[in-house]
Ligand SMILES: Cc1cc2nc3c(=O)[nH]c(=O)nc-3n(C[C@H](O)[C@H](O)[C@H](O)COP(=O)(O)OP(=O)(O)OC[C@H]3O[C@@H](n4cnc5c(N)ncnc54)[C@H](O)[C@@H]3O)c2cc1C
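Taking the form predicted on its own, here's one chain by itself in structure tokens.
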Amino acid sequence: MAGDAPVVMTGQTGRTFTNWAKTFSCEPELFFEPTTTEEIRQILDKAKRDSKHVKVCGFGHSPSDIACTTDYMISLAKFKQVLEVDKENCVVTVQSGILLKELNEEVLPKYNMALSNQGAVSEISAAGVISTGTHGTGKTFGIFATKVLEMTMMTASGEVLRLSREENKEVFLTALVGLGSLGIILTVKIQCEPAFNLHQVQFSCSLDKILSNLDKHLDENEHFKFMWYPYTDGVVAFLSNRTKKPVQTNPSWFWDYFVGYYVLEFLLWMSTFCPALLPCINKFYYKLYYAVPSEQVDRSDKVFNFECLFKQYVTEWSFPRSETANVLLTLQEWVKSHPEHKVHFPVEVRFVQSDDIYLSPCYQQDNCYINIISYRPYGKDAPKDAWWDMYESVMHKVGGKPHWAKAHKVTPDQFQKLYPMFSKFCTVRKQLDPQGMFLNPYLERHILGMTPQMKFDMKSHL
């Protein structure tokens, strides 16, 4: 290594990358934390010389192996500068390693700006939220990547491309949900809006009632979602809208964390030994927390964010919004008719507007997203395979697509039928990375459908 550039000396050995849920991990040969574009280019040069794959990791919130590799891993945690703020047009340009949490708490408030929409988690990098198609909820709001105006990306050759709808549009629409397979996103220009508070109204009702009023809730509210509690006929709905009202919250450590977190985790742990407890736990927490309507006003990101509680397995799929009632009633009937299989709450339901991004699950289609969970109290797994398999079979029947960041079993042949632009995506990927530098086992399985022998052959040509 004596002849390598200084940045290579900072590559660490013996590092283990583990995702937040502790469900996937890997041990990269070298782990890098660059701070400049030139350092990233030097890492790619070394990887090319050493015939190594390269994967970029973010904060590790993806509940899959999408970021895992045994070759070279790059963390962009130190690559997070704010490059430009256009207050007049509410646009911010940042390096791609910055977390949404840092944008929400440290950057945007200084300029009286805010993100228009986001998912439940802010501890996720700008590059990660864009590359995996992460989303929030709202009939007129697309996935987060639809708010990206421009970005720069370094390819395997070290070339930096400027991408937007005006410049390199085809590559831009491929890279927006690019799964880290085209190159390394360096900078991102994000369309924001003036800072705002959200007034959130929370109420409970029956699943049948929420489904019969679904269009009304979607039309009348900027951000609408609901959660169904298996073993009850009830849901809790959240209606959130922009407001000029001041912040008004009533947090309680006892109810929010002692009962809502610590007691719940203990009860779920007990249920792994006595599964018959689960229906009682679901019913108890539904009645305890959602029997009485409530409301709050808070800064936008604090309302968008949702406490994910403890470690968990998660699977989430999107499908045509018109199938929402059919899917949920099918899930409800399965739970009722299969008492031998116990499932955790909640089943989260959100809605996202269509777009034109090649591998966006919402490509030319307004979608419903349903997220199901299997908690791991104190790291102990609960049986979930029957529930998972049934849910995925329902998704296949209605043309569902898995969330890219979450573990699934979908093959390239199946994706070819689900995504009209899948072949175009693969063509652009191969043009930008002909030797497969940015591939890893996740991409080999789900994008290329590679066999072990094919992986060996490709490795020999890197």
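Start at 1 with the first residue shown and count on from there. What you see is a predicted model, and the numbers here were worked out from it, not measured in a lab.
What comes next is about the form predicted together with the ligand, which is not displayed.
Contact with the ligand in the predicted complex, defined as a heavy atom within 4.5 Å, is made by all three of T134, C308 and R350. In short, of 172-180, 157-165, 324-332, 246-254 it is 172-180 that has heavy atoms within 4.5 Å of the ligand in the predicted complex. This chain appears without its partner; in the predicted complex, the one residue of A120, L268, L103, L207 with a heavy atom within 4.5 Å of the ligand is A120.
Of the listed positions (F425, F415, F59, F31), a single one reaches within 4.5 angstroms of the ligand by any non-hydrogen atom in the predicted complex, namely F59. Proximity of I43 to the ligand in the predicted complex falls outside the 4.5 Å heavy atom cutoff. Residue contact check for S96: one or more of its heavy atoms lie within 4.5 Å of the ligand in the predicted complex. Within this chain, H403 lines the site of the ligand in the predicted complex, having a heavy atom no more than 4.5 Å away.
When the ligand is considered in the predicted complex, G436 lies well away from it, no heavy atom lying within 4.5 Å. Residues of 104-131 that come within 4.5 Å of the ligand in the predicted complex, judged by any heavy atom, are G119, A120, V121, I124, S125, A127, G128, V129, S131 in sequence order.
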